[in-house]
Ligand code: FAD
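Consider the single chain below, provided in structure tokens and representing the form predicted alone.
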Amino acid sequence: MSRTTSTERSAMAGEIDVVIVGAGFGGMYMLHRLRGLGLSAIVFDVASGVGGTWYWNRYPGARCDVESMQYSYAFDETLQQEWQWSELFAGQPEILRYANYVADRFDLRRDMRFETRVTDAVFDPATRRWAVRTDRGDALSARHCVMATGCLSAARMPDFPGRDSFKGQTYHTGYWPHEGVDFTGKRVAVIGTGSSAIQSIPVIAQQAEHVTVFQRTPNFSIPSRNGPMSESYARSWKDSYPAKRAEARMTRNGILANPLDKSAIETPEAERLTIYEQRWASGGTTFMAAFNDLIVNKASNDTAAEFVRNKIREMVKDPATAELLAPTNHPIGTKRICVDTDYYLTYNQPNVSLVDVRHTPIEAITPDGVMVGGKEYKVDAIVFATGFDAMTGALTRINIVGRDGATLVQEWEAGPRTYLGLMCAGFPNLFMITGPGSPSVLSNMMVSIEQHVDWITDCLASLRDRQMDCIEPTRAAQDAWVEHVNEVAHTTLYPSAASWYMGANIEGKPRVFMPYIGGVGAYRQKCDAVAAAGYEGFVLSGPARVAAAAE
């Protein structure tokens, strides 16, 4: 099927029911559901195709940290049955193929406009509509806007002195060249040791003459134990998908992880170590489900953290390197735990070296390499694995202007404020998929995306049934929800880590715990209860009410 791009079309103008920003898994499903309501909708995306984060993050080794059988749409039973995953943890190319398969299967592209950046969304209180503009000259009037911009889509490029003076090639893991990169025979610097670095370093090291890793903060990583998807394992899911999906929706993080309902610190040491060994052997992020108090009890968390540190010490032959790689500055799991394939073992290779830049930071990028502590590390290429302006960056990069001329940037100056992570007071008819204040990045994103899209769809249908056309949260409801999100966060160990959950990776960004830690299941029940109570905490209005108020 041909793919419509901005270079093949003229600018759009006129009225539409809904503008969707983002053609990732959230935007795709949102479009599908809106069609089911008979509403007109257009999706804009700066990419040249669907897939969102899986369109951009093509770095070597890019892979999902949720099992394939759980990281997929649940809304269509036929789709669930016909798609075949090849690995337990799907790699980026396969996930992107899946996204394209879904787009084609449901004929989504005809309502998508690619290579187009939404620049402005301005609410007009007179018409109660959004004026949406793009960098391609599109000017649409939309009753509703849905921001499906993704939580990890605004890449952060560090502002090192001399960065632009480097004579070699530079790359960011979040904006990887589509044609790939051949590092054969090259000296490569990798700056950062978060998830994308942990996945890419072993693959780059297989090619490069030498890899120098510049680490400020070590991260905990669990082996993925990835492998081919067996027919029997896939069948065990497909034969009981409805029940498994229903169960996953009510868990803490949207993942079936066989959680053990007992305290780590209250379990005898020998038994505790046996349980950790079993989790380590099975691999994946389900390691944190080994006990029920790892994220709330520091003493319990310390047992898990030390277990993983000891595993690192066993794997890495050089004791000094092992200690640098063993995190000690945050509880395990309070930064998104990574999964890897041979990450720690890679440091045993003679062509891989580790430079600690926590105490001696990078001073500058030079024309020939990286300067640390007065020493220049000469390299041919630099990979910036420096993460994202998470959760808010993609939203605040758009000029979103609500009621009374207030901008979203202004409203969120001290940190994001939402009601349920779905809407923001002062911004009527503007929805966010997996926005701050919802489980989002603490969950299986596919589960949270579908829950939000379904809630928004039901909301729009309810508005229509009531002959209403406008919905907006009250300040009181929003304030209460923000207070609840913060209160729940501080019952856990999460705020003790300087993580991107807290905005700590972006200079000047407010230190606020952005996602909701109360659990996917509890959050779903809250959203359902709000809707069942006539959208409690929201103000619903329609043309008749506006006309009456004006008389």
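Note that residue numbering follows the sequence shown and begins at 1. In this text the structure is predicted, and so the values were computed from the model without any measurement.
Note that the form predicted in complex with the ligand isn't included here; everything after this is about it.
*Asks:* Taking the ligand as it sits in the predicted bound form, is residue 54 in contact with it (heavy atom to heavy atom, 4.5 Å or less)?
*Replies:* It does: once the ligand is placed as it appears in the predicted bound form, residue 54 has a heavy atom within 4.5 Å of it.
*Asks:* Is there any non-hydrogen atom of residue 46 lying within 4.5 Å of the ligand in the predicted bound form?
*Replies:* So residue 46 counts as contacting the ligand.
*Asks:* Would you please decide whether residue 59 lies within 4.5 angstroms of the ligand in the predicted bound form, comparing each non-hydrogen atom pair?
*Replies:* Residue 59 belongs to the contact set for the ligand.
*Asks:* Is there a heavy atom of residue 117 lying 4.5 Å or less from a heavy atom of the ligand in the predicted bound form?
*Replies:* So residue 117 counts as contacting the ligand.
*Asks:* If you check in the predicted bound form, do 16, 140 and 428 all have a non-hydrogen atom within 4.5 Å of the ligand?
*Replies:* Heavy-atom distance to the ligand in the predicted bound form: none of the three under 4.5 Å.
*Asks:* Which one of 152, 213, 365, 379 is close to the ligand in the predicted bound form, taking close to mean a heavy atom within 4.5 Å?
*Replies:* Residue within 4.5 Å of the partner: 152.
*Asks:* Using a 4.5 Å cut on heavy atoms, which of 520, 485, 66, 31 is close to the ligand in the predicted bound form?
*Replies:* Contact with the ligand in the predicted bound form is made by 66 alone.
*Asks:* With the partner removed from view, which of 101 to 109, 229 to 237, 444 to 452, 288 to 296 is the stretch that lies within 4.5 Å of the ligand in the predicted bound form, judged by heavy atom distances?
*Replies:* The contacting stretch here is 444 to 452.
*Asks:* Can you name the residues of 397 to 433 that have a non-hydrogen atom within 4.5 angstroms of the ligand in the predicted bound form?
*Replies:* Contacts from 397 to 433: just 398.
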